[in-house]
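Have a look below at one chain only, the form predicted alone, in structure tokens format.
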């Protein structure tokens, strides 16, 4: 009875048992998903199960030396993130502790139990109001603007849970994130800082069908398997096939306003490369530092497993905050397999009934909850914004039949399958064009027709058909050899080779070829199709196939990707191809 009384007053219980990141406490008066502080060191954790007087907590830090009998204290609040100016150009861990701030305080190795606000509470920001006294405002309406970085204007909004009202006073000047910048007639004070529980989606007015592509600068993606702004995509592939490089290329060059990059359980050297490279890279859209529109969440494989489980929620909540401002956000999760493995480990410690390959039975539901928070939305304030979620999947041994890949496949509408054989042949990006698909093609075709070329869909379909035919012919070639094929089929193989080498391959380390705009993507494909049409005309006129494939204009197609001023070169190649082939008959 005395312990119950103490719990009701102080919200404190005692540790009964410890099993890795899972701690069981007794005598704790708390609710599901509340944040608690565990042990004498005050390690942060989250309540994941309540059964009678026993409360199960997943701890976000290493629990060695934590012993039964130590205190557990609840905050009475769910795991939330600080939202406000200062998140761009920041590096967080899985529970939004600013790693750069903590490093400056204690060095490269963080002490257990340390914490810091997600945004700087003491820094002053120059606030410029966009409303006047007497204006009516509602939830998520913008009341002013702060220059967060040289690239991003941070739009200060009324909190989503507000009842709204009439602006009674509004101030202009330099303020901290906790200073009121506006006061409503209801007495509510609007500040630049908001808090939001990470497992709860921020409210919107309507989820719309996306009709604009997220231009990635990768020819195989934009040309054959496009992703919509507000769409969902998965990049599955075995070790060494290029998942991380592909996601980093997307983060660098995708035409999103904001990038949220989540390193979920990846190797430390890969995250180090991202953290070191991004500040040095110029943003292709603005010329400023790429970090000026990027938020990094680093939760590497040696960090506590429980924090890995929460890092994707932290990332998607930050993305939703900028979406509410009307920005297009690209969210990269590398990789969701490590997230699923964290769920599997915690589930096994809770002694839950395992599902396929030991993953929890709710794996599909958790993946769905994550990807469903992406989309193209009309927000409550009338602004439109989007979140494009791109998740890497790391199936063991490249087996796409394993549970994480299969459950992801059922949810996403864009599937970019990486192929180990292509990677071993040094074909990058190693995306298998036979296994990959995009369900956004039809709804994005009108945009490409209006903004690139009217025959974009027909030219793309020709390329797909040619690659499909090549795949069928290669099976015959392995049996009887290329020379046994009819001339038209040998010519098809030659054209398909140019598609693979000049169009589908792309050098991520080349200053020019690392990014290919849609216009160049179309022109390269159109030039290959011109060679195809002219070559088959020559074949029909009786020219031997060996003479057709031996002209010196066609190999110049392979250098188009690395050509900066490509338009004159495309025109020159097309003219030379026609001239050289017509001279043969």
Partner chain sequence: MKEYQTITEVSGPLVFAEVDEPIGYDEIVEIELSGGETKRGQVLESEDGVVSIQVFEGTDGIDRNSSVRFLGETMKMPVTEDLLGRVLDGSGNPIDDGPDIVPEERRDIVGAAINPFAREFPSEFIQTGVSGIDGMNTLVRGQKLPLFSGSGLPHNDLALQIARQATVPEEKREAAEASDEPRAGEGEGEGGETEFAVVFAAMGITQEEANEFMEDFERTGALERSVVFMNLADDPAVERTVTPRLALTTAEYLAFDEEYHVLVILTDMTNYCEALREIGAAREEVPGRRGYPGYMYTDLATLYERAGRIEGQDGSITQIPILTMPGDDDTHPIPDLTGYITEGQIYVDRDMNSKGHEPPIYVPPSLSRLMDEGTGEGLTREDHGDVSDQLYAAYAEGEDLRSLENIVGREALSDLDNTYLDFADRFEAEFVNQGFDTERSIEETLEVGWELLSMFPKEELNRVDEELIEEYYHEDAEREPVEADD
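Positions refer to the first chain, counted from 1. The shown structure was predicted, so the numbers you read here are calculated from the model rather than taken from an experiment.
Below, we refer to the form predicted together with its partner chain, which is not included among the displayed structures.
Contact with its partner chain in the predicted bound form holds for all three of 14, 239 and 268, each having a heavy atom within 4.5 Å.
For the candidate set 176, 75, 272, 459, a heavy atom within 4.5 Å of its partner chain in the predicted bound form is found for exactly one residue, namely 272. Checking 208, 413, 349, 123 for any heavy atom within 4.5 Å of its partner chain in the predicted bound form turns up a single hit: 349.
Heavy atoms of residue 572 never reach within 4.5 Å of its partner chain in the predicted bound form, leaving it off the interface. Residue 62 belongs to the set of residues with a heavy atom inside 4.5 Å of its partner chain in the predicted bound form. The closest heavy atom approach of residue 382 to its partner chain in the predicted bound form falls outside 4.5 Å. Taking the partner from the other structure, its partner chain in the predicted bound form has no heavy atom within 4.5 Å of any heavy atom of residue 199. Partner proximity in the predicted bound form, defined as non-hydrogen atoms within 4.5 angstroms of its partner chain, places exactly one of 518-526, 30-38, 542-550, 45-53 at the interface: 542-550. Contact residues in stretch 76-102 (any heavy atom within 4.5 Å of its partner chain, taken in the predicted bound form) are 91, 99, 100, 102.
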